[in-house]
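Here are two versions of the same chain, shown separately as structure tokens and labelled structure 1 and structure 2.
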Structure 1
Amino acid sequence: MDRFHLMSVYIAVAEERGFASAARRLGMSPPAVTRAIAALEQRLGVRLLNRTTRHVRTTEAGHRYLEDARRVLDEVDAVDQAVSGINAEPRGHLAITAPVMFGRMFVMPGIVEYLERYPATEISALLLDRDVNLLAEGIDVGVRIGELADSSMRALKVGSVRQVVCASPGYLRRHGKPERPRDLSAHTLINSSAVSDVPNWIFNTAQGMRNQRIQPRLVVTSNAAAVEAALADFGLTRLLSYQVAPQLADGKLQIVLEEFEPEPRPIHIVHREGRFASPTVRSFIDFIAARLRADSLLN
């Protein structure tokens, strides 16, 4: 059997975790799918899948092969699209990931505009406050905030955001403004575990970077909840500048300890590295990068 065909069948079985569902996805008969997997395992001389009456799971070798097979077929698709013409209108499906609030505020408007401009495209948006493994989860393009640890990805810097401590004017009138990081011990603090589970806020002091240990009275699991608590005059919170940009603009929140802020965090668009870039992936990256770079809140 054709090697690329066997890879496609294997990817479908591994992702669907079943032979019957993979057969439906591929428009093949279940026996044909079973024969393809058997032929692939025989060719490779290794078991790729563990099968039970209820479940199909990849072995350790099967998981590694799944990642490699996805990468190989992505390269083949990219070559085909490149040959079809760099000026061809974008078409097909893209999977995008971004942090939840950033995605809602800055990426989703761009996705909607892109889809309206290119009617032959479809997009799945995965908005999560964690770094998604693009290869393992089949994601084409990601937006990441902070220093990049994964050197296997191509990255394009499109802006930066600050880490700010802020509170409502009502809270600051009643309790005063902290003048130094150590003053935070006398204030009511709100900590978002979506930013960090560690009870330390980092500040840039004359002695260098300093971890200021905090004792929050309120810990929340979402940045939006931290914003709401601060708006209710409850206390000080630390968030990324874009997360409170509307509230800062209309004066509902105010920044304190600005001179002690750490270096801004970079914003990158990342995608899986390869010799060829799909015209659709290229066009989306160019489109969303232009939007983000033009936004004054991010630059």
Structure 2
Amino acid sequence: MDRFHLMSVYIAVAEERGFASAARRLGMSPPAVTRAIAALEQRLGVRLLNRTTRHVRTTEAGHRYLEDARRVLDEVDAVDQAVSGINAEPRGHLAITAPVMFGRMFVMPGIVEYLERYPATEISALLLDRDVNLLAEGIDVGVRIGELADSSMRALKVGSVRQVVCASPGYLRRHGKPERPRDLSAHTLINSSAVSDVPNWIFNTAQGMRNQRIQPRLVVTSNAAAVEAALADFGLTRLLSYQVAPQLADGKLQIVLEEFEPEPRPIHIVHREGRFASPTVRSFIDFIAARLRADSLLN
């Protein structure tokens, strides 16, 4: 008794509102349809269709089951296709979204490499700092920084970013090194409104999360500008770790208040699951996930 087949028969009957027409549509005999529905109803222990000899209508349970069965069959089809196409050359169009700066630094190089490797693919890259709804906007893959809301979207963690407060050695020599968050009030602060508009820097203390109100002397709208200002010995700024990774590596900027640093924020790749995951989408996710995971700046 093929459960899969029973489902398709049921869908046909429910949609056609008739056993005979369903039989015609499926190219099977009316008795076979009758038996299939009977078997299904017996399996489930529920009457799915109210049928007179002249009319067929779904019951409440049948209505539910119709939706469920459609979803399941769609998913099975998608799964079959996905695995069938796994060895095929990726092709077709992908829509990808990522945060602006992170996207420029880490996702775009991956996209370019992917496009070069698979000539039959095209990609739309939407670099936006607002979270777009993947389903509503028809986007295949998103890169997200921060804890995820309720997404039963498939999500792969590919790294994490730290929020670091840093300054140039020159500045620190002249003004001293802050040892506690409250020391910040005696310092010159640079706030990048691209990171956060709110005049608070969050720290992790022994007493838990601490929301340190700050009074920035300089507010800039781009992270690059904040980096520049810090390099010019102007003051302390708070940025995401990857944004200052080169400067930290060669010692042009130094991290302070590291022991008060908040929990690192995870980086996830999210995508619509199951029926939406075409082989090409999957191949791209595998590709970009491997690339990001291998990036030492993100771990």
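Since this is a predicted model, take the numbers as computed values, not measurements. Each residue is numbered by where it sits in the sequence of structure 1, with counting from 1. Note that the rigid core is defined as the largest set of C-alphas that superpose within 1.5 Å between two forms.
**Q** Does structure 1 or structure 2 depict the form predicted in complex with the DNA?
**A** Answer is structure 2, the other one does not fit.
**Q** When you overlay the rigid core, is the Cα of R70 off by 2 Å or more between the two structures?
**A** Shift of 2 Å or more: yes.
**Q** C-alpha of F19: shift of 2 angstroms or more between the two structures, rigid core aligned?
**A** Yes, the C-alpha moves 2 Å or more.
**Q** Answer yes if the CA of E60 moves 2 Å or more between the two structures after aligning the rigid core, and no otherwise.
**A** Yes, its C-alpha moves 2 Å or more.
**Q** Just grab the Cα shift of A32 between the two structures for me, core aligned, in angstrom.
**A** Comparing the two forms, A32 shifts 41.0 Å at C-alpha.
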